[in-house]
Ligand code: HEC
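For reference, the chain that follows is the form predicted alone, supplied as structure tokens.
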């Protein structure tokens, strides 16, 4: 693809720096990282930045490596804080470059903090953090861009750059987006006006909310039209995402490597879980009751729910959620940490916290499958005081933790919730 530069992320270091060097030499790649240093040494392992010519401009491309996911990855090298490195690098390149681009595998909040602190970084391309595509976000005159992880999308950013070095809002695109939003609101209002008499709509909270939203959108459209008339010539951009098609034939050699790796990962985690189970059994001999990871102590299990909610649990057992664990067993992936979170019942579905708490190697059999508490939250306190502590009601964000656009392209919350909604109590 004639790639000009590649920023190194922690995942790229799984095979060690020497492997990366060999690959870069073989494929003529420029690998960048300003803050990746050997365990003993004063020079970075790779180039911190690249000065190059693009579109008749001098462009500085910087590489920033994010934090390690776990300590096992940190062998023979370490990552310095960006606060110690980035200011000096920027001081070196900003006078030589018409545009500064940062390739960062740091977390979203870190990139936003960098954007607020340094106005002279024009674009941050973010990788390694988050599963979804993110349209460019302008923070302090820095565009932060991100495509979905695992190479499922390419992002294309077309730039109209000028001497102002100031990003302008893409007003035509915003006008189109807001006009579409207004059309949807007007359609909803018209639909309600046909179904209900005007006297009832005056006290209908949903109708009044739509009216307020309509007025707000109309005001925003007027402001955008004024900006379009009065704006000078800031830098412009357009952005698009291109999905990599899954219909392409698989490479048999690569598929064999991937399948072998999955099996090995599963076996490693199977062994870890057995070792943890032995330690728990030893602990049970000296304590009473079951011993789980602290977050799991809040869980009751769907079997417990059945004592009071027989009809609801009977309905749940007919859904695919009740067979989620078996789909992993059938593929021998029931110990794969990449797959487990969406096939078991957890008190939370934040990926980083799940791995930090080592929940995936502590899950008891009663929490296999996607049970009641996956939608309604931990229920042990509800079990003890059901009149006071009520279960949560599932909302779209609850489902979106697993039903991402990449995993479930046809997921429409309003439709899917009807298929798994339990009968009334």
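Computed from a prediction, not measured in an experiment: that's the story for all the values here. Here, rigid core means the biggest group of C-alpha atoms that superpose within 1.5 Å across both forms. Residue numbers count along the first chain shown, from 1.
There is another form of this protein, the form predicted in complex with heme C, and it is not shown here; the text below is about that form.
> Could you tell me if residue 19 has a non-hydrogen atom within 4.5 Å of heme C in the predicted complex?
Because no heavy atom of residue 19 falls inside 4.5 Å of heme C in the predicted complex, the answer is no.
> May I ask you to state whether residue 421 is within 4.5 Å of heme C in the predicted complex, using heavy atom distances?
Close contact exists here: in the predicted complex, residue 421 approaches heme C to within 4.5 Å, heavy atoms only.
> Should residue 182 be classed as touching heme C in the predicted complex when contacts are defined as heavy atoms within 4.5 Å?
The answer is no: residue 182 has no heavy atom within 4.5 Å of heme C.
> Is residue 390 close to heme C in the predicted complex, meaning a heavy atom pair under 4.5 Å apart or at it?
Result yes; residue 390 sits at the interface with heme C in the predicted complex.
> Which residue among 82, 316, 207, 77 has a heavy atom within 4.5 angstroms of heme C in the predicted complex?
It is 316.
> Could you check which residue among 110, 333, 147, 269 gets a heavy atom within 4.5 Å of heme C in the predicted complex?
Of the listed residues, the single hit is 333.
> Where does heme C sit in the predicted complex: which of 396-404, 57-65, 37-45, 23-31, heavy atoms within 4.5 Å?
Single hit among the candidates: 396-404.
> At 4.5 Å, heavy atom to heavy atom, what parts of 322-344 sit next to heme C in the predicted complex? List them in sequence order, or say none.
323, 324, 327, 328, 331, 333, 336, 338, 339, 341, 342, 343, 344 sit within 4.5 Å of the partner.
> Residue 11: with the rigid core matched between this form and the one not shown, does its Cα shift 2 Å or more?
Stays below the 2 Å threshold, so no.
> Taking the rigid core as the reference frame, is the Cα of residue 50 displaced by 2 Å or more between this form and the one not shown?
Stays below the 2 Å threshold, so no.
> Given a core-based superposition, decide whether the C-alpha of residue 375 shifts by 2 Å or more between this form and the one not shown.
The answer is yes, as the C-alpha of residue 375 shifts between this form and the one not shown by 2 Å or more after core alignment.
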